[in-house]
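Shown next as structure tokens: one chain only, the form predicted on its own.
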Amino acid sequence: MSEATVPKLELGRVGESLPRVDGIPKVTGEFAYSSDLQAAGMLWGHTVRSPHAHARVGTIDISAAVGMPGVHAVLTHEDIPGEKRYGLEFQDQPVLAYERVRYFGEPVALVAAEHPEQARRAAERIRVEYEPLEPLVDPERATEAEPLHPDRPTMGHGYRDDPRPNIVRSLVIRQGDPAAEGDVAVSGVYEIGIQDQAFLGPESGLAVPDGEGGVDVYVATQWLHVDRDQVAPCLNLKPEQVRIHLAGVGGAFGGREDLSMQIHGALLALHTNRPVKIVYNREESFVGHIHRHPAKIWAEHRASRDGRLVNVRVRILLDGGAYASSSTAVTSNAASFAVGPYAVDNALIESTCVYTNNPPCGAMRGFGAVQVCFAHEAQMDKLAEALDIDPIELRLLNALGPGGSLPTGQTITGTLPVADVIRRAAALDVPEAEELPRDPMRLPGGSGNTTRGEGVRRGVGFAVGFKNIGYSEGFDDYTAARVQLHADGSATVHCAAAEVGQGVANVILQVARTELGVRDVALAPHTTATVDSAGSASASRMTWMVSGAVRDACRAALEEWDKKGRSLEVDVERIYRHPRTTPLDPETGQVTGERAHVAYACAAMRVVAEVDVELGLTRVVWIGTAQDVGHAVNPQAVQGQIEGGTAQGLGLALMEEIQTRDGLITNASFTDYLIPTTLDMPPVVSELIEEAEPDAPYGVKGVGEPPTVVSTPAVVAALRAATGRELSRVPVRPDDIVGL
């Protein structure tokens, strides 16, 4: 290897701002998303879905569809060669419904045809006999209703044994004296609606038979190896016969952790011996993946006269919908973060998730922590008012930090600069109010405002939140990376980490270039075929985990290369694991080892909002935030994650909610389900608080979830300040403001 053949690294190390490797093709429209996939001889797949939220399934008559022009396959549950059920954590979900459907839109049959319109028309000819059953749609009635899953699939996994029907998981955390009294007490009941991940790229993919009984599936997903491990048993194949390849992902946010078309496409491809492509339309996308859990939270905060928290009591009810998905983890997270990033000696937290016939819910950005942050921050503002203490001072007085402990008994051993993010966010300069009259586009409601702004009131809100980094409670979380060093000094990195828009491809390349000291590093396609699992692109874990895995593989490759005199090819794979976690005690919710969570990250946010109190219209004017980021691998990308996460929290605060009637989704389109546009997003000023996490490679922390956790309560706090109304439910509707 000569110096001339190896370009030295000049830019691209850990800690340097770099443009995204996929940025230009995405902006120019050249990026290939999963819905753009093509193959010679390709068929189109379509899914027949239940029109009922709850019904018994009788006969399925496919005879009229089978003989239609262009149709190559019509499949039902009887055509599944292997396991008939699958699941992200628990095998409770049918590949195709049999005996019973439990939610609106549940898959019942599949069609493959030469043209997508032929597939749709054939699907319309399939006759399914349903016996409608009364849907269970009220989560508060779930534990008194007939069980939707008599076999109790989540029981016997080390969780608290709750004998009531329709329990996905219940967790009770007791700390100190849960009956301890304070000088002042405030209470409230808070509700959070169903939020959708609303990614712009619909569920889609291409399944290609390999001619030897196996199949390659190209799909937009978040967790390639767990997809494979769910797909293979249903096809009655060995894991190595099913290869999952990452296709272009148009957003994820937790909604692609669960399977969508993977098994269905593979079934059709193997049955027809032809490639099969499936692309959901937007309505199908709304019913074809899980959503954020709606929640109802009862909270009571007791404090001393000087403002110190004495006792926090919280009861959380989560609606998991028809199947388990990742609800057990969401239940635990909601309980673990219910108090917020505050020190308190006494607490009683009860968190329960139930099965219903509502849309299935699972992972979404900030899962569990988003719901409880809305409640605990409203409570802190109430407490500040009751004590006549400045809300920011109250938060500083109770701020948790290193050496402090959570209600679970876990001691904070890493970094957690709660007080610092509060001070830094509070110190940001708030813009002056704009004078009236002004351009209607600068008023709440924009062009929809019919006044001159006479009813506009301005409010400033503040919130603090935190969340765990990585998977918890003893989950064997690991990431593999494989590094090939070539004779010319260049390198190739293999890692199955899903690039879902968060920028992990850049992270992998920056770490590899830092460790190898050369610019010429290529990233191989993300696939199960060439490297072990990287885990899921979720829980703010991926930056931490791939940094450790790629770092270790690079160092091992260099060591082996040196032994060989740097003249031969080297191929090394290494697995990285974070510090070990242990489960929470099923009866007390206390840690059973050193830690239940790997680490934590916090954020504080200040929001300026304007409200037209006569029309109920809102405008978020400005957002300033300070966030604990460990050590930023790519500061530019971190800023982007903060802006994106803030937008989703703003959406939950003001507009995003799936509407249901008797379990049926009634607004499954972007006409009726609103998401923030550029006109809804204000300037976002963000300060990065860099305190290296001692247990993490390069001191990094994940950054994608804290802004979503904290932005919803901060926006609503600003609306409360402007209107004087309690606003205890999100999203806030115009009639909540005008009091209709």
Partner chain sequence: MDVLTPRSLEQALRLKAERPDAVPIQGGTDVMVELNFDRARPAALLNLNEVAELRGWSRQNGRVWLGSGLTYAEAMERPLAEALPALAEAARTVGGPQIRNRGTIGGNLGTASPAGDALPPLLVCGAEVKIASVRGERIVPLPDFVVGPKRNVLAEDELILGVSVGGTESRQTFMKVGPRNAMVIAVVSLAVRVDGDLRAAFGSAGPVPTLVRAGLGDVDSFPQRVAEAASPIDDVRGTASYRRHALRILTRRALDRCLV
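Keep in mind it's a predicted model, so treat the numbers as computed, not measured. Residue numbers count along the first chain shown, from 1.
Keep in mind that the form predicted in complex with its partner chain is missing from the display, and what follows is about it.
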Since the partner isn't included here, can you check whether its partner chain sits close to all of 161, 588 and 688 in the predicted bound form (heavy atom within 4.5 Å for each)? no
Would residue 680 count as touching its partner chain in the predicted bound form under a 4.5 Å heavy atom rule? yes
Please run the contact check for residue 98 against its partner chain in the predicted bound form: heavy atoms, 4.5 angstroms, yes or no? no
Can you check whether residue 120 is within 4.5 Å of its partner chain in the predicted bound form, heavy atom basis? yes
Although its partner chain is absent from this view, report whether residue 282 comes within 4.5 Å of it in the predicted bound form, heavy atoms only. yes
Checking 166, 222, 618, 328 against its partner chain in the predicted bound form, the residue with a non-hydrogen atom inside 4.5 angstroms turns out to be 618
With its partner chain left out of view, which of 187, 304, 411, 450 would have a heavy atom within 4.5 Å of it in the predicted bound form? 450
Residues in which of 664-672, 135-143, 260-268, 597-605 have heavy atoms within 4.5 Å of its partner chain in the predicted bound form? 664-672
